[in-house]
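Next up: a single chain in structure tokens, the form predicted on its own.
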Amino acid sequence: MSIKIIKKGLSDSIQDNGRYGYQHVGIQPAGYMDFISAWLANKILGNDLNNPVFELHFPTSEFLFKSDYTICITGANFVPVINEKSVELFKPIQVNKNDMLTMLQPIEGRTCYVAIKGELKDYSWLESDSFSKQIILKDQEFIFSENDNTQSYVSNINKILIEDVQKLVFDHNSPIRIIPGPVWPQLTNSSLTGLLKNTFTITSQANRMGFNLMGTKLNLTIENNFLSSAVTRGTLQLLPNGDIIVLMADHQTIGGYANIGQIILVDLPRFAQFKNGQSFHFELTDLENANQLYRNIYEKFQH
């Protein structure tokens, strides 16, 4: 049995941890925009952390369950309802055959995750189930392996982990931490000051490929003309007009714009949940601290 899409959303997809090892031949990694919320949904259900999940952007797809399943919804709060009855986030939810899942309105966050207890079938390509540039379509069906007994894992949910994740992902006041990129030394002194002291805002040009920012115009001490080089999610590219674009999950494999810095991995989920119009500021950190912060959150998921 399967899960059927009865109404297509804006830009929903299936995502897992990503398709790595193929960027040298021009294949994008894709993967979760907010890996921490996706991990949490899988953790609550007892799945492998990197299992594929539905990644939803409002207005979202509507789902018809053609069999009994156990699901979990994390990330953005889009007011989920099953058969027009509100359901909670961050908890296992038992759905029955012919139940319908709908999201009513975006209250908090940008990206919502729906995990299914079990394994997705028939969508793997190059060792990943992540969609790359395609979206979920009306009448598409997804088959997951047989459901099992919810009670075997409900009692093991770590409520402290859930609270920690919510605080980490939906903290809109803390700075977004970055480490310098290869062109950092070529930023003018006034640009360095403006980058770290002034606020930036997410514009309406924001999607899975990248978030354009509005804020202080930045300048280099040399001509902004570079050979294309490898980029990744979180790379801060300086456009010729002085604006910044932050590359996201569907980023290109190489880029020719100046690489001025990199958002650290543990801050990318929070950044990915910013809505259009959200303002924030950057803070400088280093690679050692970035690695330690990632290890800290990863270890919390291992218990």
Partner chain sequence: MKIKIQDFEIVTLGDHAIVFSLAAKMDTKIVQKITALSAFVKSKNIHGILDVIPSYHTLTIIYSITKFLHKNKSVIEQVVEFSNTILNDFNNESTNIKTTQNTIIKVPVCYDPIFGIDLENLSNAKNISAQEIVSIHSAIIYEVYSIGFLPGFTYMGIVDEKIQTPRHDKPRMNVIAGSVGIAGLQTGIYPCNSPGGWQIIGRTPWNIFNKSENILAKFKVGDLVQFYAIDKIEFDKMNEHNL
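Numbering follows the first chain given and starts at 1. Keep in mind it's a predicted model, so treat the numbers as computed, not measured.
Omitted from view is the form predicted in complex with its partner chain, to which the following refers.
Enquirer: In the model of the complex, does Thr232 come within 4.5 Å of its partner chain, counting heavy atoms only?
Expert: Judged by the heavy-atom cut-off of 4.5 Å, Thr232 is in contact with its partner chain in the model of the complex.
Enquirer: Indicate whether Ile179 is a 4.5 Å heavy atom neighbour of its partner chain in the model of the complex.
Expert: So Ile179 counts as contacting its partner chain.
Enquirer: According to a 4.5 angstroms non-hydrogen atom cut-off, is Ser145 in contact with its partner chain in the model of the complex?
Expert: Contact with its partner chain, no.
Enquirer: Does Gly26 reach its partner chain in the model of the complex, with heavy atoms at most 4.5 Å apart?
Expert: Within the cut-off, so yes.
Enquirer: Quick one: from Leu64, Leu49, Leu265, Leu239, grab the residue that has a heavy atom within 4.5 Å of its partner chain in the model of the complex.
Expert: The option sitting close enough to the partner is Leu265.
Enquirer: Select from the listed residues Ile107, Ile160, Ile222, Leu126 the one whose heavy atoms reach within 4.5 Å of its partner chain in the model of the complex.
Expert: Of the listed residues, the single hit is Leu126.
Enquirer: Pick from 271-279, 50-58, 26-34, 239-247: which stretch has a heavy atom within 4.5 Å of its partner chain in the model of the complex?
Expert: Checking each option against the 4.5 Å cut-off leaves 26-34.
Enquirer: Pull the contact list for 272-303: residues with a heavy atom within 4.5 Å of its partner chain in the model of the complex, in sequence order.
Expert: The stretch touches the partner through Leu287, Glu288, Ala290, Asn291, Tyr294, Arg295, Tyr298, Glu299.
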